[in-house]
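Here we start with a single chain on its own, the form predicted alone, put down as structure tokens.
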Amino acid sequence: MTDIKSLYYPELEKFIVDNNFPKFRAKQVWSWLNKGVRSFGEMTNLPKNLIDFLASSSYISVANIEKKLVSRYDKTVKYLFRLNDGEFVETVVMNYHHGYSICVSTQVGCKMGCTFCATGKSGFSRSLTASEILAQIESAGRDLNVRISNIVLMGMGEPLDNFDNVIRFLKLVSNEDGLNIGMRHITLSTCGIVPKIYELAEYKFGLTLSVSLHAPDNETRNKTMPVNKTYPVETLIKACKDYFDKTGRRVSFEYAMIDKVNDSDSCAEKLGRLLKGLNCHVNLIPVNSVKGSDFKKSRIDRQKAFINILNKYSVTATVRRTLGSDIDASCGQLKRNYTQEGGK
């Protein structure tokens, strides 16, 4: 079965023509797909023989709402979506002054094994197709009746471990005939798969690369992020510098503040020296409590002290605003709890 919504327009046109339908039908199908239809029967201007052919040879990826949580504090919305094959992914929609932002998943589960992350504790099932990533945005926008203007690939999974599908998604979502969300409104997060950072740089997309660093040295990072044993800190930072040189886009670093693990003055000094001179920004994130982990978020005074030390090295840093704290808005927690509790 052809994943029709993951096709670029020339591929869709070829698919239609090769099966003996007029070329103009491809434009009609493309238009319907980009309107977010969930079945071929909704394509009302197509002849029955084409609808029957599409239904027998291809499918439209959907993301059905299995569970929805709305924060009573800030109206952040978290979805647990069920995909065509019954797998679950999480998606979060946040309302900022500049519009609605969505945090999408790129895989069912994750292979990376970061010790402070709920997603990794549930194991890895598979990567998502481009259409399944798109479906999360369309389903959330339809349910909330809003236009989503910003995308963060920071949900379940490692985007660069699903490189080809993510690249296809980026091209489709930014297409002017589709959702038309520009690259400068997209952030891609990675734990640091160095060869793929270089490969991504070649596209010169204009998106924001966000690197989950979480430690200033190999000894500390090895304990929480297994990927560091393959791509150590020095190699990762060089890739980030080269990414900036290639694209001209400032790199963002995510740093989960974990009490008595990586939030000391010494860690801040090391981080300042590591990033000094690099065009970047550091997002400090008080770590979320995850079942099965003893990690606790850093105290507010530690967060402030950390920022002051980074500023001394001319490294800009802010503490990320916490949204959806009452609905476990960090990815992986809702799916894990839902499946462990038997779908309740």
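We number the residues from 1 along the sequence you see. Being a predicted model, the structure only gives us computed values, none of them experimental.
One more form of this protein, predicted in complex with a small molecule, exists but is not displayed; see below.
Within 4.5 Å of the small molecule in the model of the complex, do K5, S39 and F53 each have at least one heavy atom?
-> No, none of K5, S39 and F53 comes within 4.5 Å of the small molecule in the model of the complex.
Should A256 be counted as a contact of the small molecule in the model of the complex, where contact means heavy atoms within 4.5 Å?
-> Yes, A256 lies within 4.5 Å of the small molecule in the model of the complex.
Mark T190 yes when one of its heavy atoms lies within 4.5 Å of a heavy atom of the small molecule in the model of the complex, and no otherwise.
-> Residue-level check for T190: yes, a contact with the small molecule.
Do F205 and the small molecule share at least one heavy atom pair within 4.5 Å in the model of the complex?
-> The answer is no: F205 has no heavy atom within 4.5 Å of the small molecule.
Tell me, yes or no, whether M154 is in contact with the small molecule in the model of the complex, where a contact means a heavy atom of each within 4.5 Å.
-> Result yes; M154 sits at the interface with the small molecule in the model of the complex.
Just one of 68 to 76, 130 to 138, 157 to 165, 231 to 239 has heavy atoms within 4.5 Å of the small molecule in the model of the complex; which?
-> Among the listed stretches, the partner-contacting one is 157 to 165.
Contact residue in the model of the complex, from N150, T220, T247, S212 (heavy atom within 4.5 Å of the small molecule) | Contact residue from the list: S212.
The single option of N34, Q303, S61, N288 touching the small molecule in the model of the complex, heavy atom within 4.5 Å | Only one option qualifies, and that one is N288.
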